[in-house]
Structure formats: structure tokens, C-alpha cells
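Quick setup: one chain, the form predicted alone, written in C-alpha cells, and binding and motion questions come after.
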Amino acid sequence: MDPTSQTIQQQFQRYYLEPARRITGPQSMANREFGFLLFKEKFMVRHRSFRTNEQLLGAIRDLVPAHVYFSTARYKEPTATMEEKGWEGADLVFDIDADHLDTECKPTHDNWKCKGCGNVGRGSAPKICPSCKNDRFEEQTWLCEKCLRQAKEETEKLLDIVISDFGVDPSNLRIFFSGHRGYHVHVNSKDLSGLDEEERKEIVDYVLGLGLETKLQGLNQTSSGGVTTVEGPMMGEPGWRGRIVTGIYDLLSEGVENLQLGSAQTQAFKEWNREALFTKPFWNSVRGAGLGTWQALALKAVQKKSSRIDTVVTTDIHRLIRLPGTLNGHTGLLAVEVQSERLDDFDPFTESTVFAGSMKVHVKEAPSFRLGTVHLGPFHDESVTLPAAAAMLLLCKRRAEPAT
């Protein structure tokens, strides 16, 4: 094991061995599979089962893993092979990760290197290398306040859809910060636990607004006496109908210039009082805006109001997902539950830090960042003594090494 991994594991071990440490397993704990990704050779220990929180904590203390996972599924025999486990249902789970969001901050702190030719770039890695067409990259990512703010906004949009459109009782929802670049939303519902992969794919498509036809949402035109009239949904209507109108309002509020309309239409929308969306049918009140224009705006509104979830996580009925209350080996931050009423105020850079004291590390390269009330960096090829939580973040992100 390399010195950096050894140092991280030692700190993780100290955390888990604290006498007051407690770990709470998921509902139906005895029917879940647990998995542990170890520091050594990134080996995965799977098909473990525990009946008590004490047994689970004991295993974590023995293994000292980089990551701890549990199955969203419940099984008759969770320790058996996949073919023999006996699937009994699975929580409906959503994962929102800044990795999958096109955040404007990525070029400032993420970079990639092609494994084929060594070509480098900033931001998210392309699908294929522009130089050699290779599709394998080394990626170095970071988490910043902008990343996590956007992930939080996507989570809030998801909650609106799940509660308002699917009718899920908020008491059956649990929200967790992953300890890295996003949030997990767990739905504990007997009515939804039996859904198969195809049925969950329908939910994914709805949340993303995929295949949504504006005509089926009430946006259409009629002709009478030679006069063509556009008809559409109104603000406050349930589901995607009302969400489309809200999305159009938000788009117009952010600036008509960004909507890629013709010059005459752009000017017409600038002069139009968008507050009309709240009070009366408005689809015919903008000069030069016909059905095609409104359809284009409606589709942009769908993109804006949809929630950019990780589709694979939701459709996988055997998914292993991070266990709340455990450390994330990518950051050294704690995966913690966030009460829905506190989501907007939740500060992951304060409320998920656990390491106290200070540590000396040699930082290779790191952007400026904040942990708690302390602002740090940027750093470049220098040895520094930092708050332990900050040093652990840099070590886990492989931006630093233990100082000798």
C-alpha cells in the first residue's frame, strides 16, 4: 500500500475506533447485502450480512475500508451468490452527482490526461481523445461550492417531482450528502419497492423529461374562422404542465438573449410583460410567437426543470449504495443525512467534516477551497501544515502526499 493510502487508512481507523462511535444500518438490515472497498489493491469485499448495528461497526473496524456500501435491494439470502440471493424488492434510489452536471466551474479545478497519447485538458474528459481517438483517461476532479450548490438545486427539483407528481409522502423520503460531489435520495415505499428495471426506467424518463411531447401537455393550436390560436397549460397546473410554464418564466427572467430566438422575437419578448404567465392565458400575447416558438421554449423549460439524476443508479435493482454515517474515501468527508427542511441551509463543507487537529502534507497542486470557516489555497508544490480535515481532503483527492 502506498504511503498516502496508509495515512488515510490510519486516520479512518482512528475515527471508527473511537469508543462513542455508532453506525446505524438501513431498514430491513438483515436482508441487505453489504460491501466494503478496501484501501489495499482496491479489493471489494461483498456478500456480507449483519443483523445488528454492533456487528456492522465491528466489521468496519476490522476491515477499515475506504468505502462502505449496502444494497438497495432486500434478499432472502443476502450472503448467497447473486443468482441465489432471492430478490424481495428494492428501495427506489436517486443519485445526483456533480460529475454528471455541466457545471461552469469544472475547467477551473478538473483536468484529464489521455492514457493513449498523453494529451491533457481541463474540465470533464471528452468521450474520445481529440488527438488519438482513445477513450481511456486519467481524471482528476475536485468539489467546490458551485458544484455542490448545483447538485443541491437538482436535488430540490427531484424532491418536487417525487412528492408532487408521484405522491410520495415526505416521511418516506430520506436525503443524504454522499460525502463527495452530490446527494442521494432514498424512497422507502412498499408500493414502489417491487418495481422492476423497466418500470424504474419509466420513472427516470419522467424525472428527466425524456420523450415529453408538448402536445400531450396541452400545448397546441386551433383554427376557427380563419384565425389560428395557440393554447397551452397555465401556471399552477399539476405535473409537467405547470412545470413547463414555470420553466418558461424562469428562462425569460434570466434573459431573452440566451434563448436563441430571431431578432424580432427577441425584441418582442423583451417588451412583453412576463407576469402575464401568472394571471391569464398568454400563449397568443407575444407578437410573432407562434406554436413553433412556444414549443421550442417549452422544450428548453423541460431541460431547465428536469432533475439530472444518474439514470443507472435508479434503474439498477441490485445497486450497492453508500452507507450513511461512514467516511467517503474520495474526500475523508462523512456521508450524512440531511433533513429536507434543512437542505437549502445544509453546508457540506462544515457539517460533514470529522477530523480534528492538524496535519503536515506536501501539496502537489490544489485550487483554493473552504472547509468550515477557513479558506485555504491555492497550493503548488509546497509543504504546509493544515487543519486535519483539509489535509485529509487533499490526500484523498490525491492532490497531496504525507510530508516527511
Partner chain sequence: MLTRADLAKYPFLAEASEYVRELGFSIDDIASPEFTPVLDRATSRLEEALSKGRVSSPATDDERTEILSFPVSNLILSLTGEERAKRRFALAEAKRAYELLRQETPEKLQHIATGTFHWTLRRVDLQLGQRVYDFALALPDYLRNATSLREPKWKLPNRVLDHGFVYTARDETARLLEEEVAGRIVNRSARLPGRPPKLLQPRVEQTRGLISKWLGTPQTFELPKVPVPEAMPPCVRHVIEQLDEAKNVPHMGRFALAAFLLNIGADQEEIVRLFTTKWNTSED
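For clarity, every value in this text was computed on a predicted model and none was experimentally measured. Residue numbers count along the first chain shown, from 1.
What comes next is about the form predicted together with its partner chain, which does not appear here.
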Is its partner chain in the predicted bound form near all of Tyr206, Gln217 and Glu237, within 4.5 Å of a heavy atom of each?
yes
Given that the partner is absent here, does Glu199 sit within 4.5 Å of its partner chain in the predicted bound form, heavy atoms only?
yes
Contact between Leu210 and its partner chain in the predicted bound form at 4.5 Å, heavy atoms?
yes
Taking heavy atoms only, is Asp165 within 4.5 angstroms of its partner chain in the predicted bound form?
yes
Flag Asp191 as yes or no: does it have a non-hydrogen atom within 4.5 angstroms of any non-hydrogen atom of its partner chain in the predicted bound form?
yes
Sole residue of Arg241, Lys113, Lys146, Lys85 within 4.5 Å of its partner chain in the predicted bound form, by heavy atom
Arg241
Can you work out which of Arg122, Lys76, Arg136, Lys133 has a heavy atom no more than 4.5 Å from its partner chain in the predicted bound form?
Arg136
If contact means any heavy atom within 4.5 Å, which of 138-146, 100-108, 156-164, 284-292 contacts its partner chain in the predicted bound form?
156-164
